[in-house]
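In the form predicted alone, a lone chain appears below as structure tokens.
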Amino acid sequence: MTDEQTGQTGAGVGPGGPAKPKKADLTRRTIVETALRLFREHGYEGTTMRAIASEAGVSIGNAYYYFESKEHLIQAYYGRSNAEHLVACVDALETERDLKQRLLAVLYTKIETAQPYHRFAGQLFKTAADPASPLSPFSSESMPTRREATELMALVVEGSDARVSPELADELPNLLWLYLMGIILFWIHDDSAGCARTFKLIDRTADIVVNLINLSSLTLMRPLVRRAVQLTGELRALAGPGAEPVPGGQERSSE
């Protein structure tokens, strides 16, 4: 994960334990925290870099020194949100081997860690939904976060006891990431108490997804799986470089 994504830089660990954050680290973090607060309060379009700098107590030039634009601050938000999610699902991935339970843990924790930014995510969606926007989760600018999220999905599969069709293995992490994006889109529009409908959707669809993955290992299903994977590759090629796949995990043999 890059420093710009998380809003932090490595402070290092000294002989006496973790080193104190450097002034630059603290300034960067302050700018990110201030930006996220203003985005939540006034929306993405209603917040300027000048306002962020003023609230953070830094000069406008200093704000631009750390982050070239508001878009870079949003990428920092993406990175931090993803980092929080990775930490939240570590225990489940270390102890659970059932594919459905691993997938549920990752989906639940994603929504739980994102919940404080629910209203902000709805405001950001207006911009991120534009395919040409650098804030789109499919943009080249979002590739680092997309790569980490897809690698997480690879871990979900690799650490499970599931038998995955070799034809599907490499593409599966990317498909699971797309599934996660669909869940997030539903969550953005979910106005139920505690986003209960989103959790219900996760419960219902995770079972379907895992059953389809298990069916993919059947010999009779392999030609169909092969054609489906070929189709996704062709569609990605038509979509252009921004839609390049993230390498999946090692191939699993179902035999």
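The term rigid core refers to the most C-alpha atoms you can superpose between the two forms while keeping them within 1.5 Å. It should be emphasised that the depicted structure is a prediction, and the values quoted were computed from it without experimental measurement. The first residue of the sequence shown is number 1, and the count goes up from there.
Absent from the display: the form predicted in complex with a further copy of the same chain. The rest refers to it.
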Open item on the list: Can you confirm whether Ala129, Lys200 and Leu224, the three residues that make up this candidate site, all sit within 4.5 Å of a further copy of the same chain in the model of the complex, judged by heavy atoms?
Closed with: yes
- [ ] Answer with yes or no whether Tyr108 is in contact with a further copy of the same chain in the model of the complex, where contact means some heavy atom within 4.5 Å.
- [x] no
- [ ] Using the partner position in the model of the complex, report whether Ser136 sits within 4.5 Å of a further copy of the same chain, counting heavy atoms only.
- [x] yes
Task: is_contact(Asp207, a further copy of the same chain) in the model of the complex, heavy atom dist at most 4.5 Å - done: yes
Open item on the list: Check His189 for me: does it contact a further copy of the same chain in the model of the complex (non-hydrogen atoms, 4.5 angstroms)?
Closed with: yes
- [ ] Would you point out which of 192-200, 48-56, 62-70, 29-37 contains residues with a non-hydrogen atom within 4.5 Å of a further copy of the same chain in the model of the complex?
- [x] 192-200
- [ ] May I ask you to choose, among Pro166, Gly122, Gly159, Pro144, the residue with a heavy atom within 4.5 Å of a further copy of the same chain in the model of the complex?
- [x] Gly122
Open item on the list: At 4.5 Å, heavy atom to heavy atom, what parts of 216-234 sit next to a further copy of the same chain in the model of the complex? List them in sequence order, or say none.
Closed with: Leu220, Leu224, Arg227, Ala228, Gln230, Leu231, Glu234
Open item on the list: Once you overlay the rigid core, does the Cα of Trp187 travel 2 Å or further between the shown form and the other one?
Closed with: no
TODO: Could you check whether the CA atom of Glu45 moves 2 Å or more between the shown form and the other one, using the rigid core for the fit?
DONE: yes
TODO: Superpose on the rigid core, then tell me if the C-alpha of Asn211 is displaced by 2 angstroms or more between the shown form and the other one.
DONE: no
